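As structure tokens, one chain now follows by itself in the form predicted on its own.
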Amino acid sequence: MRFRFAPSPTGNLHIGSARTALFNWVLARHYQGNFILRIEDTDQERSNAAFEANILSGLRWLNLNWDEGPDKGGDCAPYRQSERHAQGIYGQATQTLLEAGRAYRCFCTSKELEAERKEDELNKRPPGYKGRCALLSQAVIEQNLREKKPHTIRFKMMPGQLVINDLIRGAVHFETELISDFVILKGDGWPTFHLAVVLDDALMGITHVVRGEDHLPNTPKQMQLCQALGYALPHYAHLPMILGPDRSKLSKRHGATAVDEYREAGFLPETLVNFMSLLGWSHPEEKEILDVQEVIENISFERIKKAGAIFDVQKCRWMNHQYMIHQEPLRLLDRVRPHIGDRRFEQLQPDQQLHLLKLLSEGAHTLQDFNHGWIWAVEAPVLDATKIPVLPDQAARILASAHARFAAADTKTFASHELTHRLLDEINTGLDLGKGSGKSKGLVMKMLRYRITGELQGPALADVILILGRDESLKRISV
């Protein structure tokens, strides 16, 4: 079984395209088949080598390795349509269709086509080419060719009912007389998407075409084209659309849509693979945290859904948090480092870095979140007297008591979370802050936290002190 992912390099790798690539890759691995990467760059105006590089980089980051492709080669090379175009295969196929009467030359100008479109709109008729050039005599065609009139080549649709046996949606019916004859070769000699994709799928032996639901209306055109060229039809499967929370098609207004944006924001590739696998599919036991091998083992066309899949960014963030907190600490530290913009992080000792990482993990949802909330670990805070959470005399008593207790404690106290926590509890219970405040642990802890970190909220104070150590902590609470 041969599956393919065939992106157009007209933009960066999009979440929707990445989901399509993932499903093809997982299905290929499940059925022990091949996963082929083909670059569909027939749109010469919009195709860009930088976009192709971005697509390949994104797939590699997601660990979706391909068996054949533009950088690896294979028995069906080349794997860029521009290179296949240079071999003349699309022109040859078009000539075959012309000779068989399944294609014809269209000399209609863009102005004439626009006028026809407006007339359809005015008369409330279904839009589409009406086939006027299909009726031209051979003499007129030859005269137009002698005059070198610009023209395209259109495929002639056969009327009737066509049924697509979709592996996800079941039988899908189309009335082909409602589908107008479409262009397969442009005026500049380049093939359109329909001709190129049909020919390449056939010549590359693609057995399964798994793609987004938005391609479903293209399928009857491509089926007739495939049959007219004498090729066996592949199996078709159309994945559900990815929708935003408002159930409209996922777009920029819903947030980031490019894979690169999630990578830069600090999402792990395994998170995105797990999350995207659940956009239209579910595990038989409804598990949500899945490694890729579990997806490969349990994937099936039967469990892929027809209804649109909601892209919930908050769920993706939750899932990323789960992956991060279960990472081996040194591995997570290596992945966090590129996201920390402040080089002072490297001034910390390895054990301090790991302790800080564990501390910040509790509230972190992306690797970027580790870039905040740790500056207190490398420098004493600049304090603002107006933000002190207690009265001046209370502050003085808290700091004096804490300083005395810290100074009297042995070094072992500051090497244990339990002992440090006990020390803080003793400081709290030993203080009476006066009428109305009682022995408020909240006030004591807020004051100490503020003096040590410059913040009123944050990680457990015992952990903060463990990272800073006895001497630095003493320095920060000195009156």
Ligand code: GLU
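Quick note: we count residues from 1 along the sequence shown, nothing fancier. Given the structure is predicted, the values throughout are model-derived calculations rather than measurements.
Below: the form predicted together with this ligand, not depicted.
A.B. asks: Have a look at R80, H215, K186, H283 for me and say which one sits with a heavy atom within 4.5 Å of this ligand in the predicted complex.
C.D. replies: In short, H215.
A.B. asks: Between I398, V197, M319, L332, only one gets a heavy atom within 4.5 angstroms of this ligand in the predicted complex; which residue is that?
C.D. replies: Looking at I398, V197, M319, L332 one by one, just V197 meets the 4.5 Å heavy-atom criterion.
A.B. asks: Under a 4.5 Å heavy atom criterion, is F193 part of the interface with this ligand in the predicted complex?
C.D. replies: Contact with this ligand, yes.
A.B. asks: Considering only heavy atoms, tell me if R84 and this ligand come within 4.5 Å of each other in the predicted complex.
C.D. replies: Contact check for R84: no, nothing within 4.5 Å of this ligand in the predicted complex.
A.B. asks: Test of understanding: in the predicted complex, would K221 fall inside 4.5 Å of this ligand by heavy atoms?
C.D. replies: No, K221 stays farther than 4.5 Å from this ligand in the predicted complex.
A.B. asks: Does this ligand get within 4.5 angstroms of any non-hydrogen atom of R211 in the predicted complex?
C.D. replies: Yes, R211 is a contact residue.
A.B. asks: Pick out the residues of 1-24 whose heavy atoms come within 4.5 Å of this ligand in the predicted complex.
C.D. replies: Residues within 4.5 Å: R4, A6, P7, S8.
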